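Before any questions on how it binds or moves, here is one chain, the form predicted alone, in structure tokens.
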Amino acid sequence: MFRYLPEQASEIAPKIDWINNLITDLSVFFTVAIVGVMIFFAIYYRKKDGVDHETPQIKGSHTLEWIWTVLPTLVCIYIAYYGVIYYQELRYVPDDAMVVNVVGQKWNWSFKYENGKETSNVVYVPVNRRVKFLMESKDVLHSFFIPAMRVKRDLVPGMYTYVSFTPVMTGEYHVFCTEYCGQDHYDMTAKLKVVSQAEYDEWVNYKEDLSAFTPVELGKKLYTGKGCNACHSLNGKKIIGPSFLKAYGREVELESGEKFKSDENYIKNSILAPNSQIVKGYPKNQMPAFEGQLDDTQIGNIIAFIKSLDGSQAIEEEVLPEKSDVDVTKLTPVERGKYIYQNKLCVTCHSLDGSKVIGPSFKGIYGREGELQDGTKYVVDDEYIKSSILKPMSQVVKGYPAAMPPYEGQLNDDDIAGVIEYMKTLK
């Protein structure tokens, strides 16, 4: 009865489901039995013919009293026994368990591995190996929940908590925050990716040698790696946010009318708390706060990169060919879609790595389910993508601004089909 739980992707999941289903079935059975008897008595012994009838004297039955006392007690003891056993299994962490540090803060998850590697809103673990997520909160109460693994635990500011499990199936699973934590609580999600041990070893041990790079070069890597290029050009062109060209030392006027010159403090504050100083003429709530995602060294590298963009030297930006330079009819549908993604500014607002920019990431988007701002549910299929391209304002995804221009009249059916085929390849 009521077998609607998600797939059992951890070693403990079948046991948790069994005891959960047992409690549910017993609750339903006794509720129906007790309430059913109550309803029967209420009908059968109702007042008849408008005359009060003397209630017969019923003497107690010691046998019945023993049954309805002992039987529920035994059932409770039975459930409590397995509840304690399974709880101990959930909390057990062997000495050889892999440890991943988790930090929750408004409104994202960050993960740090034992070798120092860090990720944001996506975490990799190997299949058939015990893992311990050691968790802390940087601000308010959060709750880390992986339904497929049947684990959930609160993150409490000022202390460490943990969840532990052994994944038994490879695949991608949802991670949620189930403790209301403010404005964007609904969007505080992540992905758990369970892969083979060999794939995990290759992924976690891959580390680019950054020692040979200058601060400017590292800042440029962060510029693209953190999605700054989606909103800030390097050539003076206005996109979503101000261009980085000659940004250092430039006079800035805020929406409040305050004016000052852009310096290190201004840039750092703009990265950590962008909504605190909106430049006049630019929209609010477009740039995500990077507090907790970048350390002081990384911020210093970005500042060094911005300082270098003083106009004294040529800017090495990816130059995309003009449409007239490429005969798109000779490209495969996937190549055509990729070309349009690059040349029609899709790259400005839609990432390919799962990170949230202005619009939803294209990574794994085909077949994804979601909710629009008006509460309508949607599934990303061919028709949805086509409609989103031609008339984007008709279906704005919840949690994203209505910022995409319509492409009706700019793309033909073959162009749109190419974009769709390209999206399908972005697993």
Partner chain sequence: MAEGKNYLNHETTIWSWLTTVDHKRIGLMYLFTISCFFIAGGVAAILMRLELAKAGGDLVAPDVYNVLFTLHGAIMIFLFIVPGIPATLGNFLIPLMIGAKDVAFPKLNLLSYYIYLVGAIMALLAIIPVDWISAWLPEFLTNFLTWLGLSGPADTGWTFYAPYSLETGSSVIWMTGAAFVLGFSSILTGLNFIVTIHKLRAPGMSWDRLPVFIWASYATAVIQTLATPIVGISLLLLIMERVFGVGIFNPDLGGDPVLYQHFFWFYSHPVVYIMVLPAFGVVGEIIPVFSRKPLFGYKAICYATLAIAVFGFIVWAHHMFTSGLSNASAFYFSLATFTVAVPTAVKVFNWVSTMYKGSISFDTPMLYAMGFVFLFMVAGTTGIYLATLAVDVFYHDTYFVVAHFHYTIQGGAVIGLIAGLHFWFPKITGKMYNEVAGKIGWVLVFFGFNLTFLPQFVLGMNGMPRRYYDYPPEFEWLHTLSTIGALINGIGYSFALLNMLYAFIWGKKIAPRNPYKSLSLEWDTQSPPIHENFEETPTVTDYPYAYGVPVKEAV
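Numbering follows the first chain given and starts at 1. Please read these numbers as outputs of a predicted model, since none were measured by experiment.
One more form of this protein exists, namely the form predicted together with its partner chain; it is left out here, but the text below deals with it.
Although the partner is absent here, Ser394 lies well away from its partner chain in the predicted complex, with no heavy atom inside 4.5 Å. Of the heavy atoms in Thr119, none are within 4.5 Å of its partner chain in the predicted complex. For Leu372, no non-hydrogen atom is located within 4.5 Å of its partner chain in the predicted complex, even though that partner is not displayed.
Of the heavy atoms in Gly311, none are within 4.5 Å of its partner chain in the predicted complex. Contact with its partner chain in the predicted complex, defined as any heavy atom within 4.5 Å, is confined among 196-204, 82-90, 233-241, 126-134 to 82-90. Only one of the listed residues (Ala97, Leu218, Val100, Cys181) places a non-hydrogen atom within 4.5 angstroms of its partner chain in the predicted complex, and that residue is Cys181. With the partner omitted from this view, the residue of His174, Lys280, Lys261, Lys246 that lies near its partner chain in the predicted complex is His174 [heavy atom within 4.5 Å].
Contacts with its partner chain in the predicted complex, taken as any heavy atom within 4.5 Å, map within 106-130 to Lys106 alone.
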